[in-house]
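Just one chain follows, in the form predicted alone, and it is written as structure tokens.
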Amino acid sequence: MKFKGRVWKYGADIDTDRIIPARYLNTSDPKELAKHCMEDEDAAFASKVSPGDIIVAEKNFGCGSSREHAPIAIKAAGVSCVIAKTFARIFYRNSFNMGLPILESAEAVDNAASGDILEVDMDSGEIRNLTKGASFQAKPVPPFMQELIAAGGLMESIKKRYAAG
């Protein structure tokens, strides 16, 4: 699985309320959540993000409340993947369960700026910053978690396994 997109860079400790504010949790409609993705962190994000763009953030991305709405909003906004130095544990798990690709790479984060173009290979974990001509290695994603992403998330994976017998 490969992605290529423009970087939207954010700082440390971006909590789930910054990703999708609690005032919008009365819906689970991905399209509606996408309209408000990152709204309290970056008001322009939802109107300017393009399909395939990549969120890059410092440490502890997705901390705070345990809500599946956060990775759903990011994915529905068209973001192809999120790269951070570290992720909050529950966000990490929810991302895979919802089919949102995420990678940890401190070097890639330190060497990326908003507007840079990244190319990401989920299989190898290679992150190439095409703007700066640099390459970085992410922590490996276990194969079974890559399978969840490829299937579109945990529920889709279960449906496919059930249908296959």
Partner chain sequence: MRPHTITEKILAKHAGVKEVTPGELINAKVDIALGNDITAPIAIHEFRKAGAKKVFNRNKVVLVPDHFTPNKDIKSAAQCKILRDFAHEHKLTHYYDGGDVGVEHALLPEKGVVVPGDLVIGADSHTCTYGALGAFATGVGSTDLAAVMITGELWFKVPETMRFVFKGRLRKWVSGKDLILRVIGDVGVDGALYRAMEFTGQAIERLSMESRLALCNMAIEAGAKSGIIPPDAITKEYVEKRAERPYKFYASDPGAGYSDVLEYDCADIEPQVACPHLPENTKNVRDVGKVPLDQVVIGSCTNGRLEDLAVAARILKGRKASKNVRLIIIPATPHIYSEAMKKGWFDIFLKAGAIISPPTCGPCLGGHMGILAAGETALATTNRNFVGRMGDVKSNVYLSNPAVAAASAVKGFIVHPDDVVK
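Model, not experiment: these values are computed from the prediction. For the two forms, the rigid core is made up of the largest set of C-alpha atoms that agree within 1.5 Å on superposition. Positions refer to the first chain, counted from 1.
Below, we refer to the form predicted in complex with its partner chain, which is not included among the displayed structures.
- Listed residues S66, S50, Q137, T131 were compared with its partner chain in the predicted complex; S66 is the one with a heavy atom within 4.5 Å.
- Of the heavy atoms in R18, some are within 4.5 Å of its partner chain in the predicted complex.
- For M145, a non-hydrogen atom is located within 4.5 Å of its partner chain in the predicted complex, even though that partner is not displayed.
- At least one heavy atom of L25 is located within 4.5 Å of its partner chain in the predicted complex.
- Although the partner is absent from this view, E126 stays clear of its partner chain in the predicted complex, with no non-hydrogen atom inside 4.5 angstroms.
- If you fit the rigid core between the shown form and the other one, you'll see the Cα of A22 move by less than 2 angstroms.
- Core-superposed comparison between the shown form and the other one: CA of A12 displaced by less than 2 Å.
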